[in-house]
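As a starting point, one isolated chain is supplied in structure tokens, in the form predicted alone.
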């Protein structure tokens, strides 16, 4: 009796598959484990690990580099080179770590001449660092020319209560229409004449707004549009360059749409 070719081919294929399966299952399996998570609040962390974690926070979630530089001037905020040593000399009786912590949690308490009060509290939205992250960030800033001696107990227990565990902060829903706001930005508002916003615009007359929603709150943006001078002038840009008349030229809807658009710039 002749066996059809299709049956032969099928039998051969099953034999090959079975052979490979046998050899695959006979190979010892190596269990894959995710890397151990660095537990900052568990106490099992060295100063070097703390500084490394703080540097990562500085460059990522903390969004510090949007405004600050280390060893470079001419940005929106003060140069942080040597802050670890300078911080202890600003206010008599206040240690470097105390100055740095207060500057992170209450930025308006220590304004540097020439820079407006535009920095948000790092443990509140939009940044919303948790207690461990504030601890690590403080250690990193101390390391810039100073001695790292900050302890977790130096960070108030109330810090980052709304961002416990580093979870994402609930996104604020604004009543405006972001798409319509983009049209205001490029048209009626004339913002594009001075500002860049992502792929839109390229003018260096005013600050680049491409990541403004990462570092500022809707409240600040609302005040800045209606009262530019009262909200402070960003370092490196001339005073009075932003027109103060938007409260008269924009309707209430235009205004809310524009803010909604700006809050999408992340």
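Positions refer to the first chain, counted from 1. These figures come from a predicted structure and were not determined experimentally.
The protein also exists as the form predicted in complex with heme C (HEC); that form is not presented, and the subsequent description refers to it.
Among 178, 111, 152, 148, the residue placing a heavy atom within 4.5 Å of heme C (HEC) in the predicted complex is 111.
Contact annotation for residue 136: none of its heavy atoms lies within 4.5 Å of heme C (HEC) in the predicted complex. Contact check for residue 196: no non-hydrogen atom falls within 4.5 Å of heme C (HEC) in the predicted complex.
For residue 183, no non-hydrogen atom is located within 4.5 Å of heme C (HEC) in the predicted complex, even though that partner is not displayed. Shown alone here, residue 129 lies within 4.5 Å of heme C (HEC) in the predicted complex, counting heavy atoms only. Annotation: in the predicted complex, residues 64, 207 and 238 each come within 4.5 Å of heme C (HEC) through at least one heavy atom. Along 81-104, these residues reach a heavy atom to within 4.5 Å of heme C (HEC) in the predicted complex: 83, 86, 99, 103, 104.
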